[in-house]
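Take a look at this single chain, the form predicted on its own, given in structure tokens.
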């Protein structure tokens, strides 16, 4: 409870003092961006996970999609899609959604290896995800299991940004209108295939840029205006 009242960077520094050498120490050794930083001067990492279910304690990560943004530009050459080899069979109802079968998943890499290569790409950036608490919960569980260390970083949830915007305008909305595809349609963005980790990461990145464009860009736009409380 008390830790949640502290700034993320203070928590990062305090944790860093106790961490042994390794991937998590390297991740936390890179300072988090200042909350007052102009969004157009920051680096972001848009991320999406496909999983076997909704419970991070029981279900597994199957794929990771990532794309880097520098200010208002999406670096398409940074686009990354990694398939993760699960420890158990993939439930049929899960495979129907993300189209990842047992045979396909068997060609993937271990989650520890994917995380080891993913964390350096996230270091020092601001995370972007749609319904970001889902990704954060799975990343926290995975980092605790494989590295014995909790995971946190500055995060923008494009769903939460949309909700705050509508509430400020006193506009009512239904829960289904907060889905990624529906919000992209609201911002006149093209429709992508759903439940592919890379296309969903790119979709969240584009949605964030559309949300950013609604602000007065003739002056700095502090990232704190968008950050999720984590």
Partner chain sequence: MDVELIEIREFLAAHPPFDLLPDEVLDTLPQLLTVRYLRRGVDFPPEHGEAPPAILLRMGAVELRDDEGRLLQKLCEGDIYTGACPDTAEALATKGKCVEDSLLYLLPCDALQSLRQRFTPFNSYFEQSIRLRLQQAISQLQQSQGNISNLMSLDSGALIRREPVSIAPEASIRQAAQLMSEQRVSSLLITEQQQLLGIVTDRDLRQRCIATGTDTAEAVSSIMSREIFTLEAERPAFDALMEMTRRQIHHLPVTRSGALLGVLSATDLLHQHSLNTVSIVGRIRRSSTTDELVETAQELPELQLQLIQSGMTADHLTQALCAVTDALSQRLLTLAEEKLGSPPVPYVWLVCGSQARREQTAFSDQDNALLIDDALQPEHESWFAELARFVSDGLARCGFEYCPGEVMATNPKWRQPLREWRRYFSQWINSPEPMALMHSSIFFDMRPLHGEEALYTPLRDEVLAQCRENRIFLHYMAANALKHRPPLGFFRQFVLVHDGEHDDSLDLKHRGVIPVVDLARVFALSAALPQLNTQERLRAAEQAGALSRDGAEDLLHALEFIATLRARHQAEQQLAGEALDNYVRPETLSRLERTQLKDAFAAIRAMQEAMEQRYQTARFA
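Since this is a predicted model, take the numbers as computed values, not measurements. Residue numbers count along the first chain shown, from 1.
We do not show the form predicted together with its partner chain, though everything after this point is about it.
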{"property": "Within 4.5 Å of its partner chain in the predicted complex, all of 23, 60 and 147 (non-hydrogen atom)", "result": "no"}
{"property": "Residue (of 133, 140, 85, 81) lying close to its partner chain in the predicted complex, criterion heavy atoms within 4.5 Å", "result": "81"}
{"property": "Among the candidates 117, 72, 102, 109, the residue which, in the predicted complex, approaches its partner chain to within 4.5 Å (heavy atoms)", "result": "72"}
{"property": "Close approach of residue 198 to its partner chain in the predicted complex, 4.5 Å, heavy atom", "result": "yes"}
{"property": "Residue 190: touches its partner chain in the predicted complex, heavy atom cutoff 4.5 angstroms", "result": "yes"}
{"property": "Contact flag, residue 16 vs its partner chain in the predicted complex, heavy atom cut 4.5 Å", "result": "no"}
{"property": "Any non-hydrogen atom of residue 76 within 4.5 angstroms of its partner chain in the predicted complex", "result": "yes"}
{"property": "Its partner chain in the predicted complex: contacting segment from 27 to 35, 45 to 53, 160 to 168, 182 to 190, heavy atom within 4.5 Å", "result": "182 to 190"}
